[in-house]
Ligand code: ASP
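Presented as structure tokens, the chain that follows is alone, the form predicted on its own.
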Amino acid sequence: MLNKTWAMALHGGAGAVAGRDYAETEHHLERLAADCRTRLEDDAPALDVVELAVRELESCGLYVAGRGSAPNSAGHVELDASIMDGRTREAGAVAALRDFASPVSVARRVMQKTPHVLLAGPGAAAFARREGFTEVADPTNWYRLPVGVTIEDVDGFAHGTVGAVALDTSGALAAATSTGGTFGKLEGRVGDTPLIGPGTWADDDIAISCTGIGEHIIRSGGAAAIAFRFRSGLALGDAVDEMLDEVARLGGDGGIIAVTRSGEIAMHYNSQGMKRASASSSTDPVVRTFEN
């Protein structure tokens, strides 16, 4: 039964650096959020909306995901993504996937076409190739520096991720996340993004996508830890902040977007900034990078 209550949030990563110009990503997030809003108002399924949103965030090259990803220590790009359907708990993910244009769509196909949740490395690439997904034919000219990232950042521990969460008019929740990982990471490194639980989570009550230093998010319990706190009765904002406080205690930083079955939205972070946007059937659109 449709009740016309809907909500959504997007993030372009919690790796924003104070003092840099993110106007281009804010304009992009504003347009993408408006598109998601139209689709949700027209009763599109949450799962379709989060996949579409993350696929666009990957393909535009403005963020540290998909086309905006940087090479690892071995000189090539490895991509991670995941997606989860809250109503069925079905999930799919890929890790260390090399040179495919839309990792999140490959992740959804893993969910739909295999008995597995996660495929990694050459096995993930072989699956994506069999399923006909578009490969990056010329990696040297395909990948680009995302907005707000400099050449100097590529040699450091800069990070970024993209994600989307949505509640549709049928009451279903979904979440999806994608990343190129931390710059200069070791070959084969996998963070929280493709891990169902730490990086992405959706159930009947809440949908969550994480961004930040993946190692610390994993060790803090990540998205599932927030979901468990929320289910136990903690307010949404408090549940999110408790997990982020633990990330900070362990020496990391990060951000969270979450939406609940009632349409409540949280977009919290403990880093310098987080590129983000949200909209719902009961609130005005929000697009921000830093607090204002």
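Owing to the predicted nature of the structure, the values given are computational and were not obtained by experimental measurement. The numbering used is simple: start at 1 and walk along the sequence shown.
Same protein, other form: the form predicted in complex with aspartic acid (ASP), not shown, and the subject of what follows.
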The chain here is shown without aspartic acid (ASP). Which stretch in 134-142, 102-110, 121-129, 207-215 comes within 4.5 angstroms of it in the predicted bound form, by heavy atom distance? 207-215
In the predicted bound form, the one of 86, 92, 160, 222 near aspartic acid (ASP) [non-hydrogen atom within 4.5 angstroms]: 160
Can you tell me if residue 200 lies within 4.5 angstroms of aspartic acid (ASP) in the predicted bound form, counting non-hydrogen atoms only? no
Taking heavy atoms and a 4.5 Å cut-off, does residue 72 contact aspartic acid (ASP) in the predicted bound form? no
Can any non-hydrogen atom of residue 179 be found within 4.5 angstroms of aspartic acid (ASP) in the predicted bound form? yes
Would you classify residue 191 as touching aspartic acid (ASP) in the predicted bound form, given a 4.5 Å non-hydrogen atom cut-off? yes
Heavy atoms within 4.5 Å of aspartic acid (ASP) in the predicted bound form is the criterion; list the residues of 265-284 that meet it. none
